[in-house]
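Next up is one chain by itself, shown in structure tokens, the form predicted on its own.
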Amino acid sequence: MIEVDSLTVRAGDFRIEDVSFEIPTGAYGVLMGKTGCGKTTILEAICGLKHVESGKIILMGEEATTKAAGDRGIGFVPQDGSLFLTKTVRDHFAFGPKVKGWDSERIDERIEELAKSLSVEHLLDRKPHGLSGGERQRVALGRALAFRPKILCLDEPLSALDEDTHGEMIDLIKALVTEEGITALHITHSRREAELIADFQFRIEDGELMAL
């Protein structure tokens, strides 16, 4: 479950106030709105990347408003993927589990599992340079999922993809999130994308969040 209660967040001169919504455990939520309306600011506050002025963030039944980002159990897929240019795909998938202290055998098993699920077995020893947009997003998704988070946050993960790849990634993300029982929050400009992937849709207009 992701619950946001009367949240107020400031980012520079921008401020969004009194935002409340809830995504039930195992559901897929999508947040829409115009550029600059505060979608990413809310997402980053949930992930622990933006300071909360007031209100509460409750994740899987536990208040997380003041928790460090690394203690929130969230997998994060940023808009541009933000891949490590000097690391292989295998290294990307191993990153989160290593930070969490997994042993090497368990890490290797998870890498192989993700590679198969994402159809990137042939890319494991490649670095990001030269990967297609769809391949890069598969790697970013795998890195976010590698440590088995309970929550996944995605910031416009499909905005740079061509139409065919976009459709493939929607199907893949939805299947993986459902299979692993993850609660997801996905930012997008696209109503069509939201309709294809969301269980719950929200929109920010004139500084107010509404359920659709």
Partner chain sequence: MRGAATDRPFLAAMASLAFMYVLLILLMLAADAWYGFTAVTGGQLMEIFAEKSVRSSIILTLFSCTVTAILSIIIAVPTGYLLSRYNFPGKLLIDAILDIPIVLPPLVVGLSLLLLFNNFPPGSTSIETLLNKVGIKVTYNVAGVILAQFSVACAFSVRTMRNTFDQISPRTEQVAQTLGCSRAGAFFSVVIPESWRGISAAGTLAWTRAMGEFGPILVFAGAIPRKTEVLSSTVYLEIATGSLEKAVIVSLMMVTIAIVVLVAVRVWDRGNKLGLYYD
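Residue numbers count along the first chain shown, from 1. In this text, all values refer to a predicted model and were calculated from it rather than measured experimentally.
Not pictured, yet referred to below: the form predicted together with the partner chain.
S.K.: May I ask you to check whether Lys100 falls inside a 4.5 Å heavy atom distance of the partner chain in the predicted complex?
M.R.: It does: once the partner chain is placed as it appears in the predicted complex, Lys100 has a heavy atom within 4.5 Å of it.
S.K.: Consider Pro78 of the chain shown here, and say whether it contacts the partner chain in the predicted complex, taking contact as heavy atoms within 4.5 Å.
M.R.: It does: once the partner chain is placed as it appears in the predicted complex, Pro78 has a heavy atom within 4.5 Å of it.
S.K.: Is the gap between Arg126 and the partner chain in the predicted complex 4.5 Å or less for some heavy atom pair?
M.R.: It does: once the partner chain is placed as it appears in the predicted complex, Arg126 has a heavy atom within 4.5 Å of it.
S.K.: Taking the partner chain as it sits in the predicted complex, is Lys87 in contact with it (heavy atom to heavy atom, 4.5 Å or less)?
M.R.: Although the partner chain is absent here, Lys87 would touch it in the predicted complex, with heavy atoms inside 4.5 Å.
S.K.: Counting only non-hydrogen atoms and a 4.5 Å threshold, tell me whether Leu49, Gly96 and Phe147 all contact the partner chain in the predicted complex.
M.R.: Result yes, every residue of the spot touches the partner chain.
S.K.: Okay, which stretch from 36-44, 53-61, 160-168, 176-184 lines the partner chain in the predicted complex, with non-hydrogen atoms inside 4.5 Å?
M.R.: Selected range: 36-44.
S.K.: Can you work out which of Ser132, Ser82, Ser104, Ser119 has a heavy atom no more than 4.5 Å from the partner chain in the predicted complex?
M.R.: Checking each option against the partner chain in the predicted complex, the one that comes within 4.5 Å is Ser82.
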